[in-house]
Each structure stands twice: as structure tokens, then as C-alpha cells.
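For reference, the chain that follows is the form predicted alone, supplied as C-alpha cells.
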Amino acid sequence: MNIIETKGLVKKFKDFTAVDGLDLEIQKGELFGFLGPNGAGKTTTIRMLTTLSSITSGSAKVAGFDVKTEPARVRERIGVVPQQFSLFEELTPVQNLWYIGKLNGMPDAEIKDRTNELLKIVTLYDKKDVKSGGFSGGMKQRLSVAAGLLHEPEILFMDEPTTGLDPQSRIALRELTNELNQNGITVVYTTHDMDEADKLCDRIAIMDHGIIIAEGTSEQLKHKVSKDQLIEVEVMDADDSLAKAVEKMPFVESVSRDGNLLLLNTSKTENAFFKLADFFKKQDREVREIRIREPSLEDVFIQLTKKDLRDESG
């Protein structure tokens, strides 16, 4: 059962197309990830699906309701955790959640019970009466999660929630996200962190320039490059001229260089190690190591877009 569906979804800002004809299906109970660099269209897509931004053309349904014509029904069924803390820093967690509960028309007793329950879930109950302005980034994001869950939504949208957090807070928020999903909440999660998407998401859509360029499970996406072979060669004093020379070898399809490390995308061939070792010997280059590398989501992204995600996500 699809809980989110889009057909030909487009968002334009004057002459700039941020999202370009997006067709998407997300199943009920999934932890679905949008992966891509900043500017890929991930946040714009989320803003349309959560009724925060108008749709230029195409259609979208969330929890069975049309985003264009039934926005109030959509908002009743979703929670949103934005990238930046958007609650009131001068208020305590209890006060923030009370305010949000009243906006959602919840009865006082329900707000109180739900607030206590959620603050325990996000491990902020001991800080319930402390002004949230003094909280760490991780604590603020956990409070944002509690706010997004207050009215018991079917779907939780999380827009790059771990950006700027320290490693411990990132891990804690990922664990919380996974636990919420295991308890039946559909989670739509945007990130430009490859490792985060790999570990967390059931399925992933890689976006670039407003379109989905690949979609599937992490293993399915990696299979897109595993039909070839990735070989790392660590060479003393490697340079661009050496990389270009290696790329001319018959079984080498592409080469990228990071300092003295060459990453070769090769067709699977016999005796590749011996052929490479012989090549570098003839080039009078000292090789420290030649090794096969398992493909990663970043390898998929680079192969599909011909650019390094790290240069884009800054």
C-alpha cells in the first residue's frame, strides 16, 4: 500500500526548476530516504509534500489525500522535523509541546499525557522545565521530533535532521528514528550523508538537479556499479598524468585520483592485479598496495552523475 504518491511533480521558482517531473511511490511503514547534494531538490520535494510550498504542476497524494486540494487533511496525518530548530527557545519543552498541542486542537489532558510520554521517548523528560534555548543541537532535534509526533501522525518527514550534530547526537537520533519506524510510523528522511542513508533507510532515491537518478535498496543501488570492479591503487607520487595513462588500459573504464590513491572502475577481467602491477613497474612507479574495494553509495552517485558528492554538499 502506497502512503505517498507523486506523478510528474514539478516546482519552479521563476526560470529555475527545483523539482522536475518527480514520479514517486512510498509504501506504508517504510523508512524512505532522499539522498543527494544540497540543491538537489530534496527539501523542495518535502516542502511540497508537507503543504509548505505550492506545487507548480503534477500531483501528489499523502495518506490518501490530495496535497493541492486537501492540505488540511494532509497536515492532520503528518509530522515534520525541519533541519533548523523552529520551536521557541524561550519556552521549556513542556511549554513548546503545549503550544503545539493547542494549535492542533488537542484536549488539555491528552496534551499533558502525550507530552510526558514523548519527552521520555526522546530522553528529555529530566529537562522538561528547562528553557530550550540552552539545549545542545542534539537535544533541540530530539525536541523537534517530539513536537512532530505530538498529534500521533502516520508519517514523519525529517529534513536532514542530523546536519551539524556531533557524532554521538547523530547516532542517538538515528537510533530514535529507526525505533519510531519499527513502531509503525512511515518515515521520509532526507540527507546528503551516504553512510547515514546506507545504515538507516529501507529504500533510497538519489536526487540530483531536481530528478531521481536512481532508486532502490542500498544493495540494489550498489549493484549498479558491482557489475564492474572497483580497484584501489596506492601509488607513490601519483599525479593526473599517471591517472590518464592508467585510464587508457583496455579493461579500465574510468579513474579518479585522491592524492596518491587511484580509484579504478574496471571491467571484470582475469589477472587484473598482475596487469596493473606490470604497468606501474614499467612506469617506474612504486606501488604500496592494490586492492579490490566493495562499492558504496558514493560510488553509485559518482558513477551516475560523474561528480563527487563531497564537492556538492559543502
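Note that this is a predicted model, so its numbers are computed, not measured. In this text, residue numbers run from 1 along the sequence as written.
Below, we turn to the form predicted in complex with a small molecule, even though it does not appear here.
The small molecule in the predicted complex is not approached by residue 266, whose heavy atoms all lie more than 4.5 angstroms from it. Contact between residue 40 and the small molecule in the predicted complex is found at the 4.5 Å heavy atom cutoff. Interface membership of residue 229, defined by any non-hydrogen atom within 4.5 Å of the small molecule in the predicted complex, is ruled out. Contact check for residue 24: no non-hydrogen atom falls within 4.5 Å of the small molecule in the predicted complex.
Contact with the small molecule in the predicted complex, judged as any non-hydrogen atom within 4.5 angstroms, is confined among 284-292, 269-277, 61-69, 42-50 to 42-50. Contact annotation: of the candidates 181, 95, 169, 83, the single residue with a non-hydrogen atom within 4.5 angstroms of the small molecule in the predicted complex is 83.
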